[in-house]
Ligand code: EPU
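To begin, one chain is listed below as structure tokens, in the form predicted alone.
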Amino acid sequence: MLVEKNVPLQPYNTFHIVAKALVLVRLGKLEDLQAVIAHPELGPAPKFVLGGGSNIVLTGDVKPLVLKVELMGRRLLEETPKAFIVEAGAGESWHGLVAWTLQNGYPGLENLALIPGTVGGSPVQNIGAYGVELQDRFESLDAVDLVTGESFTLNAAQCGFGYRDSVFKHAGTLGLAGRALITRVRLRLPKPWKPVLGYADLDKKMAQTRVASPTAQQIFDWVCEVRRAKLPDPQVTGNAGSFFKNPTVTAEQCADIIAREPRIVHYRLDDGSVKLAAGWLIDACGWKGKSVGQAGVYEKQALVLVNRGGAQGSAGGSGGATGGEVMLLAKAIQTSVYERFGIRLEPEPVVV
């Protein structure tokens, strides 16, 4: 176990915000985590779990002990007549896992291509895109209690999945935020494979290519093309992807908004409620391309906040947006949307 002090975190958060971890431990194997928990000083200390840093906003140096998850490995755990069961370490790149499954003939994750972050972060956020959420492909996960050091396994029901939500995002008696660290994730990829289509971007790709029955690899390629065209590359422009959740309203609320804003982008859900496009709401309030300090709203997609300071600098670099500027911008956007539409936008990233 290697304990590092005053570690620059700019390379480890996709917003590329300058901050430091006062104390950081890299977890390359489970024994490292057990050593931390058993340590007389580190064990009782408050802890912050860091994966790919793709869903956080750092507002200052991180005082809790930072556990940098670097648990690797991926394998086909089991094949049944109905599914491939794939297992991956929490430190693996999510997109890398998606590409690996396709290369090895295990389709089913292609709609979730190019989502930043690690495998361990995917259940925390219940990541989703183009009609598929992690919970649709989830089998189970292993985690470790950060107090007792005991390992445990959770199935989908025990994870409490919701829209960009899980038990790992909530504190208290029923939540596991700050209390557990995910070590491995298992995914169930159904057989026979069926494409998940029906989104406008994918329909457009089908029309352009004249491919009526795309393969999993073609869907993967299309999703990557669409995301690269719409979203900034974190290696070039610091960002945390979609900054706000798409709000859900009742059919009556949606009808009222449509009466005032006929062009609003919305999607009707199976339960009768309606999901509104947060990016459209933000754009309608005139925020696209605007900035607060070095924090700005991406010119191509109003749902994405960016670091105008640019790409990842040197480990000890300075400049660029601060976490305070990002949150000031986010709050200004929330106020504008609420005043115009009566809707409260909820941020996706964790503010540290």
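Predicted model, so just to flag it, every value in this text is computed and none were measured. Heads up: residue numbers just count along the shown sequence, starting at 1.
There is also a form predicted together with the ligand; it is not shown, and the following applies to it.
Chemist: Quick one: 230, 242 and 301 and the ligand in the predicted complex, is every residue within 4.5 Å by at least one heavy atom?
Modeler: All of them do, each having a heavy atom within 4.5 Å of the partner.
Chemist: Even though the partner isn't displayed, in the predicted complex is residue 166 close enough to the ligand, meaning a heavy atom within 4.5 Å?
Modeler: Result no; residue 166 lies far from the ligand in the predicted complex.
Chemist: Going by a heavy atom distance of 4.5 Å, is residue 85 a contact of the ligand in the predicted complex?
Modeler: Residue 85: no, not in contact with the ligand in the predicted complex.
Chemist: Would you check, heavy atoms only and a 4.5 Å threshold, whether residue 283 touches the ligand in the predicted complex?
Modeler: Residue 283: contacts the ligand in the predicted complex.
Chemist: Taking 4.5 angstroms as the cut-off for heavy atoms, does residue 106 touch the ligand in the predicted complex?
Modeler: Taking the distances in the predicted complex, the answer for residue 106 is no, it never comes within 4.5 Å of the ligand.
Chemist: Which among 72-80, 146-154, 125-133, 179-187 is in contact with the ligand in the predicted complex, heavy atoms within 4.5 angstroms?
Modeler: It is 125-133 that comes within 4.5 Å of the partner.
Chemist: Please pick, from 265, 206, 249, 196, the one residue with any non-hydrogen atom lying within 4.5 angstroms of the ligand in the predicted complex.
Modeler: Of the listed residues, the single hit is 265.
Chemist: Going by heavy atom distances of 4.5 angstroms or less, which of 47, 288, 308, 29 would be at the interface with the ligand in the predicted complex?
Modeler: Partner contact (heavy atom, 4.5 Å) among the options: 288.
Chemist: What residues in 320-352 sit within 4.5 Å of the ligand in the predicted complex, counting heavy atoms only?
Modeler: Residue within 4.5 Å: 348 only.
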